[in-house]
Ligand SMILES: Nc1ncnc2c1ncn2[C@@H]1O[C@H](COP(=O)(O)OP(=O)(O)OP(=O)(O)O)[C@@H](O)[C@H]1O
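Form predicted on its own, single chain, as C-alpha coordinates, below.
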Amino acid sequence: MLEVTNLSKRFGGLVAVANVDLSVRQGEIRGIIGPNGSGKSTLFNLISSVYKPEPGSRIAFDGEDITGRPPHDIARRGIARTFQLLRIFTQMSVLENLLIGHHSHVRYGVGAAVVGAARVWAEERRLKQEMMDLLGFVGLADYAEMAAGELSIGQRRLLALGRAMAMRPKLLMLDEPAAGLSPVNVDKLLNTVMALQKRFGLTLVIIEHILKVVMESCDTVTVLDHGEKIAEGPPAAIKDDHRVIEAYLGKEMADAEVRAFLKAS
(Lines give C-alpha, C1' and ligand atoms only; values in the text may rest on other atoms or scores of the structure.)
Protein backbone atom coordinates (compact mmCIF):
# COMPACT_ATOMS: atom_id res chain seq x y z
CA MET A 1 0.00 0.00 0.00
CA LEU A 2 2.83 2.42 0.90
CA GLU A 3 6.20 2.33 -0.86
CA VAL A 4 8.90 4.80 0.18
CA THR A 5 12.15 4.81 -1.77
CA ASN A 6 15.37 6.73 -1.10
CA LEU A 7 13.50 9.21 1.09
CA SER A 8 15.71 12.04 2.34
CA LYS A 9 15.31 15.41 4.02
CA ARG A 10 17.89 18.04 4.97
CA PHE A 11 17.47 21.16 7.06
CA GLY A 12 20.50 23.21 6.14
CA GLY A 13 23.49 21.08 7.12
CA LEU A 14 21.40 18.67 9.20
CA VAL A 15 20.37 15.39 7.57
CA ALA A 16 17.07 14.51 9.26
CA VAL A 17 16.17 11.52 7.06
CA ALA A 18 18.75 9.76 4.91
CA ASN A 19 17.86 7.43 2.02
CA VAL A 20 15.11 5.55 3.87
CA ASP A 21 13.26 2.72 2.10
CA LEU A 22 9.96 1.54 3.58
CA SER A 23 7.34 -0.87 2.26
CA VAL A 24 4.03 -1.31 4.13
CA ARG A 25 1.54 -3.99 3.10
CA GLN A 26 -2.22 -3.46 3.09
CA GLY A 27 -3.70 -4.39 6.47
CA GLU A 28 -0.31 -4.36 8.20
CA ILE A 29 0.43 -2.68 11.53
CA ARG A 30 3.91 -1.17 11.24
CA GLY A 31 5.81 0.30 14.17
CA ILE A 32 8.41 3.04 13.77
CA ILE A 33 10.78 3.40 16.72
CA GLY A 34 14.09 5.07 17.48
CA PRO A 35 15.76 7.44 19.93
CA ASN A 36 14.78 11.10 20.17
CA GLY A 37 15.90 12.98 17.06
CA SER A 38 16.13 9.86 14.92
CA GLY A 39 13.82 11.22 12.20
CA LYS A 40 10.54 9.47 13.00
CA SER A 41 8.23 12.49 12.94
CA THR A 42 10.10 13.94 9.96
CA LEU A 43 9.34 10.69 8.13
CA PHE A 44 5.62 11.19 8.83
CA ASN A 45 5.83 14.84 7.77
CA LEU A 46 7.39 13.80 4.46
CA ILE A 47 4.77 11.13 3.74
CA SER A 48 1.90 13.50 4.60
CA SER A 49 3.57 16.33 2.62
CA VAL A 50 4.03 18.70 5.54
CA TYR A 51 7.67 18.75 4.34
CA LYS A 52 8.93 18.36 0.79
CA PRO A 53 11.53 15.60 0.31
CA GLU A 54 14.91 15.96 -1.38
CA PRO A 55 15.18 15.32 -5.15
CA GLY A 56 15.41 11.61 -5.90
CA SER A 57 12.98 10.64 -3.14
CA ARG A 58 9.82 8.75 -4.06
CA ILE A 59 6.61 8.07 -2.14
CA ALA A 60 3.95 5.82 -3.70
CA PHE A 61 0.51 5.07 -2.26
CA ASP A 62 -1.83 2.49 -3.76
CA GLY A 63 0.50 2.26 -6.77
CA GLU A 64 0.48 6.02 -7.50
CA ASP A 65 3.39 8.41 -7.08
CA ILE A 66 2.32 11.02 -4.52
CA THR A 67 5.73 12.64 -3.99
CA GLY A 68 5.34 16.38 -3.49
CA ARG A 69 1.56 16.46 -3.83
CA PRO A 70 -0.18 18.98 -1.53
CA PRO A 71 -1.33 17.78 1.91
CA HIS A 72 -5.06 18.04 1.12
CA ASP A 73 -4.56 15.77 -1.89
CA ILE A 74 -2.65 13.26 0.24
CA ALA A 75 -5.53 13.26 2.75
CA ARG A 76 -8.16 12.90 0.04
CA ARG A 77 -6.38 9.84 -1.33
CA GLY A 78 -6.77 8.07 2.02
CA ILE A 79 -3.80 8.92 4.23
CA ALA A 80 -4.70 10.39 7.64
CA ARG A 81 -2.45 11.14 10.58
CA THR A 82 -2.30 12.39 14.14
CA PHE A 83 0.41 14.64 15.56
CA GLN A 84 2.71 14.16 18.53
CA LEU A 85 1.70 17.61 19.76
CA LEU A 86 -2.09 17.58 19.75
CA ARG A 87 -3.64 19.95 17.21
CA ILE A 88 -7.30 19.96 18.10
CA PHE A 89 -9.61 22.96 17.74
CA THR A 90 -10.09 23.76 21.42
CA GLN A 91 -12.86 26.36 20.94
CA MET A 92 -14.96 23.99 18.83
CA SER A 93 -17.06 21.17 20.22
CA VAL A 94 -15.90 17.58 20.14
CA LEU A 95 -18.45 16.85 17.41
CA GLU A 96 -17.35 19.86 15.34
CA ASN A 97 -13.75 18.64 15.47
CA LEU A 98 -14.83 15.39 13.84
CA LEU A 99 -16.93 17.21 11.24
CA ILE A 100 -13.83 19.24 10.30
CA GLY A 101 -11.97 15.99 9.73
CA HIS A 102 -14.76 14.74 7.49
CA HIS A 103 -15.11 17.90 5.38
CA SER A 104 -13.48 16.47 2.22
CA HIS A 105 -16.26 13.85 1.98
CA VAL A 106 -19.21 16.27 2.16
CA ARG A 107 -21.55 15.63 -0.78
CA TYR A 108 -22.84 19.15 -1.40
CA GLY A 109 -21.20 22.37 -2.58
CA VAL A 110 -21.19 25.96 -1.40
CA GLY A 111 -24.12 26.95 -3.64
CA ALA A 112 -26.43 24.30 -2.21
CA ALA A 113 -25.46 25.30 1.33
CA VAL A 114 -26.20 28.99 0.68
CA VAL A 115 -29.70 28.39 -0.67
CA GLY A 116 -30.46 25.79 2.01
CA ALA A 117 -31.38 22.96 -0.34
CA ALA A 118 -33.25 20.06 1.23
CA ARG A 119 -30.45 17.67 0.40
CA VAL A 120 -28.10 19.83 2.49
CA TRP A 121 -30.19 19.26 5.61
CA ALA A 122 -30.45 15.55 4.84
CA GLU A 123 -26.71 15.31 4.33
CA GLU A 124 -25.97 17.17 7.56
CA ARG A 125 -28.24 14.83 9.53
CA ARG A 126 -26.42 11.86 7.98
CA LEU A 127 -23.01 13.36 8.76
CA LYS A 128 -23.92 14.09 12.37
CA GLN A 129 -25.15 10.55 12.90
CA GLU A 130 -22.02 9.08 11.31
CA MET A 131 -19.78 11.24 13.50
CA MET A 132 -21.80 10.38 16.62
CA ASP A 133 -21.36 6.69 15.83
CA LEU A 134 -17.61 7.25 15.54
CA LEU A 135 -17.54 9.18 18.82
CA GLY A 136 -19.35 6.28 20.43
CA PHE A 137 -16.73 3.89 19.13
CA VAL A 138 -13.86 5.89 20.66
CA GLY A 139 -15.78 6.52 23.89
CA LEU A 140 -16.54 10.24 23.53
CA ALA A 141 -20.23 10.29 22.57
CA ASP A 142 -21.22 11.76 25.95
CA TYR A 143 -18.89 14.72 25.33
CA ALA A 144 -20.06 15.56 21.80
CA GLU A 145 -21.26 19.08 22.64
CA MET A 146 -18.44 19.89 25.06
CA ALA A 147 -15.68 22.29 23.99
CA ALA A 148 -12.67 20.20 23.02
CA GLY A 149 -10.45 22.36 25.22
CA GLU A 150 -12.22 21.01 28.32
CA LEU A 151 -11.23 17.39 27.66
CA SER A 152 -8.53 15.57 29.62
CA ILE A 153 -5.28 14.65 27.88
CA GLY A 154 -6.48 11.07 27.44
CA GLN A 155 -9.76 12.23 25.93
CA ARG A 156 -7.91 14.61 23.63
CA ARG A 157 -5.81 11.73 22.35
CA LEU A 158 -9.02 9.82 21.60
CA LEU A 159 -10.47 12.89 19.88
CA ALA A 160 -7.38 13.22 17.67
CA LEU A 161 -7.77 9.56 16.77
CA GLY A 162 -11.47 10.00 16.03
CA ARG A 163 -10.88 13.08 13.88
CA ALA A 164 -8.31 11.19 11.82
CA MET A 165 -10.80 8.35 11.40
CA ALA A 166 -13.44 10.85 10.27
CA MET A 167 -11.34 11.29 7.13
CA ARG A 168 -12.15 7.66 6.20
CA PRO A 169 -8.50 6.72 5.73
CA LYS A 170 -7.04 3.62 4.16
CA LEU A 171 -3.72 4.31 5.88
CA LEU A 172 -3.67 5.80 9.38
CA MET A 173 -0.40 7.18 10.76
CA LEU A 174 -0.25 7.74 14.52
CA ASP A 175 2.57 9.89 15.92
CA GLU A 176 3.11 8.88 19.56
CA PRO A 177 -0.60 8.34 20.29
CA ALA A 178 0.06 7.29 23.89
CA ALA A 179 2.29 10.24 24.85
CA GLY A 180 1.46 11.61 28.32
CA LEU A 181 -1.04 8.89 29.16
CA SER A 182 -1.22 6.78 32.32
CA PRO A 183 -0.71 3.00 31.94
CA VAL A 184 -4.47 2.44 32.20
CA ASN A 185 -5.18 4.96 29.45
CA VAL A 186 -2.38 3.53 27.30
CA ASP A 187 -4.15 0.17 27.40
CA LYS A 188 -7.50 1.82 26.64
CA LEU A 189 -6.07 3.69 23.67
CA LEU A 190 -4.30 0.58 22.36
CA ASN A 191 -7.52 -1.43 22.57
CA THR A 192 -9.41 1.32 20.73
CA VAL A 193 -6.79 1.47 17.96
CA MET A 194 -6.86 -2.30 17.51
CA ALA A 195 -10.68 -2.31 17.41
CA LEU A 196 -10.66 0.43 14.75
CA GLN A 197 -8.09 -1.47 12.69
CA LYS A 198 -10.21 -4.60 12.67
CA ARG A 199 -13.54 -2.85 12.06
CA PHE A 200 -12.36 -0.68 9.16
CA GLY A 201 -9.58 -2.85 7.74
CA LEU A 202 -7.01 -0.13 8.31
CA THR A 203 -3.34 -0.17 7.53
CA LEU A 204 -1.53 1.40 10.49
CA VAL A 205 1.88 3.00 10.91
CA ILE A 206 2.64 3.90 14.53
CA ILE A 207 5.45 5.97 16.01
CA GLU A 208 5.71 5.22 19.69
CA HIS A 209 8.25 5.54 22.52
CA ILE A 210 6.28 3.21 24.79
CA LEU A 211 7.74 -0.06 23.57
CA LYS A 212 4.87 -2.07 25.04
CA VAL A 213 2.52 -0.49 22.49
CA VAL A 214 4.80 -1.43 19.60
CA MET A 215 5.75 -4.89 20.78
CA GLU A 216 2.16 -5.93 21.54
CA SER A 217 0.46 -4.52 18.46
CA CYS A 218 2.81 -4.36 15.46
CA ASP A 219 3.48 -6.99 12.81
CA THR A 220 6.77 -5.38 11.76
CA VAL A 221 8.99 -2.79 13.42
CA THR A 222 11.28 -0.35 11.58
CA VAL A 223 14.05 1.29 13.60
CA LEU A 224 15.57 4.68 12.75
CA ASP A 225 18.71 6.25 14.17
CA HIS A 226 20.19 9.59 13.05
CA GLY A 227 17.78 9.57 10.11
CA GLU A 228 18.85 6.15 8.81
CA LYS A 229 17.01 2.83 8.91
CA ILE A 230 19.19 0.53 11.02
CA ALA A 231 16.89 -2.47 11.50
CA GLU A 232 13.56 -3.92 10.45
CA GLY A 233 11.69 -7.08 11.31
CA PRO A 234 9.20 -8.70 13.71
CA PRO A 235 9.15 -7.35 17.28
CA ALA A 236 10.83 -10.42 18.76
CA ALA A 237 13.83 -10.04 16.44
CA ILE A 238 14.09 -6.28 16.98
CA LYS A 239 14.39 -6.74 20.75
CA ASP A 240 17.60 -8.72 20.30
CA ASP A 241 19.17 -6.65 17.51
CA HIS A 242 22.52 -5.24 18.67
CA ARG A 243 22.20 -2.14 16.50
CA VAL A 244 18.88 -1.31 18.16
CA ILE A 245 20.32 -1.89 21.63
CA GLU A 246 23.26 0.44 20.94
CA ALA A 247 21.01 3.11 19.40
CA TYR A 248 18.77 3.23 22.46
CA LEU A 249 21.17 2.62 25.30
CA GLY A 250 24.72 2.80 24.03
CA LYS A 251 27.36 0.10 24.40
CA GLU A 252 27.91 0.31 28.13
CA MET A 253 25.04 -2.01 29.17
CA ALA A 254 25.25 -5.79 29.04
CA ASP A 255 22.87 -7.58 26.66
CA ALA A 256 21.03 -9.22 29.56
CA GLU A 257 20.36 -5.83 31.14
CA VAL A 258 19.11 -4.41 27.86
CA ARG A 259 16.73 -7.32 27.26
CA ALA A 260 15.36 -6.88 30.79
CA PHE A 261 14.85 -3.17 30.12
CA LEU A 262 13.05 -3.80 26.81
CA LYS A 263 10.89 -6.50 28.35
CA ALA A 264 9.91 -4.20 31.20
CA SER A 265 9.09 -1.42 28.75
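Predicted, not measured: the structure shown is a model, and the values here were computed from it. Just count from 1 along the sequence shown to find any residue number.
There is another form of this protein, the form predicted in complex with the named molecule, and it is not shown here; the text below is about that form.
- The single contact residue among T42, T67, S217, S48, judged by any heavy atom lying within 4.5 Å of the named molecule in the predicted bound form, is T42.
- Scanning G37, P234, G201, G56 against the named molecule in the predicted bound form with a 4.5 Å heavy atom cut-off leaves one residue, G37.
- With a 4.5 Å cutoff on heavy atoms, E123 does not count as touching the named molecule in the predicted bound form; it lies far away.
- Put simply, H209 is close to the named molecule in the predicted bound form: some heavy atom of it is within 4.5 Å.
- Taking the partner from elsewhere, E96 is found to have every heavy atom lying beyond 4.5 Å of the named molecule in the predicted bound form.
- The closest non-hydrogen atom of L22 lies beyond 4.5 Å of the named molecule in the predicted bound form.
- Listed stretches are 59-67, 192-200, 236-244, 29-37; the contact stretch with the named molecule in the predicted bound form is 29-37, by a heavy atom cutoff of 4.5 Å.
- Residues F11, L14, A16 are the ones in 8-34 with at least one heavy atom within 4.5 Å of the named molecule in the predicted bound form, listed in sequence order.
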